[in-house]
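Below sits a lone chain in structure tokens, taken as the form predicted alone.
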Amino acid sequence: MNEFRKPGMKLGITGGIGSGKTSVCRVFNVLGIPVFSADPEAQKIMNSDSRIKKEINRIAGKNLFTKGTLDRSRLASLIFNDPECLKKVNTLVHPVVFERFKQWAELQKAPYVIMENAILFESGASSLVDRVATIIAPVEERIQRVMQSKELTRDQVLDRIRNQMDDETRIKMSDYVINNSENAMIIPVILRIHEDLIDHLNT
């Protein structure tokens, strides 16, 4: 692989909760492609930026940092039942996440970089990337994965799914689709996407 001073392209990876974005990103990582995960970065910002913490408490109308770090379950119960509250928190946090992604991307030396973001389109992050891959999986598989990994109830998972864009809408706006159902082979699809991006960069 040739050395690049800056990434030639930015690939957005998105998909609903439980679709398997992390698993897909691990494969890209093995191929030497750096991944910026928006959700963990947002969590870091919400726990470290005093201005953001103060604003979150103001939006929530209560202190969500009583133990020093954000009480994520209390925030989730608020925002997933109040679209206006969700919008306010997102408007507060997303610009900071986007700025950190831009700074991070400038430092990478791979031919392209990835932003993993569950709400890539909803948040406006799609404007920061050149191409998008959407991860899909059957809803029932997604529900079971999330119930096991995050110890949420079925109703809690369904609440989160309802608050996200549906797969059909994502697919229409995407350049690639990766089917991550239990019966699908994701590695050959990821390799094809990787080769397509490298070919594009070399033309």
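Quantities reported herein were computed from a predicted structural model and do not represent experimental measurements. All residue numbers are counted from 1 along the displayed sequence.
Beyond what is shown, the protein has a form predicted together with a small molecule; the following relates to that form.
- Contact check for Lys53: no non-hydrogen atom falls within 4.5 Å of the small molecule in the model of the complex.
- Although the partner is absent here, Lys150 is a contact residue: one of its heavy atoms lies within 4.5 angstroms of the small molecule in the model of the complex.
- Among heavy atoms of Ile17, some come within 4.5 Å of the small molecule in the model of the complex.
- A residue is said to contact a partner when one of its heavy atoms sits within 4.5 Å of a partner heavy atom; Glu182 meets this definition for the small molecule in the model of the complex.
- Only one of 141-149, 43-51, 56-64, 165-173 places residue heavy atoms within 4.5 angstroms of the small molecule in the model of the complex, namely 141-149.
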